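A single chain comes next, written as structure tokens; it is the form predicted alone.
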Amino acid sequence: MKTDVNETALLEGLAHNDRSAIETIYAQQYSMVQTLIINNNGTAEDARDIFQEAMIVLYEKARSGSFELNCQLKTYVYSVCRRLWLKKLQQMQKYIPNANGLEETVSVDEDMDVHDQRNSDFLMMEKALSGIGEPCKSLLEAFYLQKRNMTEIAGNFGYTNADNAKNQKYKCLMRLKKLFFSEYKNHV
């Protein structure tokens, strides 16, 4: 796979300390790295540190003059960050791979496809949730996101008892599923 012209220009800009190239790479890649780190026992601060280390690796490669990017820039950045994070987890003893596990990793392209599909699904769910209307949206958020129990929800939403709140939650969930899957079918 050949690198596209914009990515080549970004790498050249990075090699020459061009502020706009650095900011563009950061804007395009950071959220992906943050998601990777946070979803794998890390914090936002860990994500910043790992991304900075990856930028240093990328900078040094770009400056070498002999670096040839054979994949998308996001794939390369993701791969570097993933490897750096696995090493850090191993050092913190939160992740103990088998001796060969660090070398034999799943293809980054497969990971990126899964990551992109998950993000797409989340966006569709967010769209369905915003389209469901009130009080369903608030009721589902109270139960699934805020982890409130049915008795508490019944009191907050004015239902006579927890069973009525549970029935309403079920109806709302069915509406949400219908909206989500109608949106999902449109994207497949």
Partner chain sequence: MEQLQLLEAVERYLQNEMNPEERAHFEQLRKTNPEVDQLVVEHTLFLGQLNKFGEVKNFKASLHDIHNNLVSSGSIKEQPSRAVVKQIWKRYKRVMAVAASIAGITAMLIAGMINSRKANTAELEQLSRDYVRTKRTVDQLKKQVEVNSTEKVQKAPQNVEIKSGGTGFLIDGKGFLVTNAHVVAGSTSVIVQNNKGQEFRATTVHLNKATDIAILKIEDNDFKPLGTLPYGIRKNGADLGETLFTLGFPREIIVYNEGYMSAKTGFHGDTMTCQIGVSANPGNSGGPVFNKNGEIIGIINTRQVAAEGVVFAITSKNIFNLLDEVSKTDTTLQKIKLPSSSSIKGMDRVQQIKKIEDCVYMVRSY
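Each form is matched to the other, and the largest set of C-alpha atoms that superpose within 1.5 Å is called the rigid core. Just so it is clear, the model here is predicted, and its values are computed rather than measured. Residue numbers count along the first chain shown, from 1.
Absent from the display: the form predicted in complex with its partner chain. The rest refers to it.
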Residue 118: touches its partner chain in the model of the complex, heavy atom cutoff 4.5 angstroms: yes
Heavy atom of residue 39 within 4.5 Å of its partner chain in the model of the complex: yes
Residue 162, heavy atom within 4.5 angstroms of its partner chain in the model of the complex: no
In the model of the complex, residue 43 touching its partner chain (heavy atom, 4.5 Å): yes
Partner contacts for 161-183, taking its partner chain in the model of the complex and a 4.5 Å heavy atom cut-off: 166, 167, 169, 170, 171, 173, 174, 176, 177, 180, 181
C-alpha of residue 26 off by 2 Å or more between the shown form and the other one on rigid core: no
Core-superposed C-alpha of residue 140 shifting 2 Å or more between the shown form and the other one: yes
Is_shifted residue 14 between the shown form and the other one (CA, 2 Å cut-off, rigid core): no
Sense of the change in Cα distance from residue 81 to residue 123 in the model of the complex - at least 3 Å versus the shown form: closer
Direction of C-alpha distance change in the model of the complex, residue 147 to residue 47 (at least 3 Å): farther
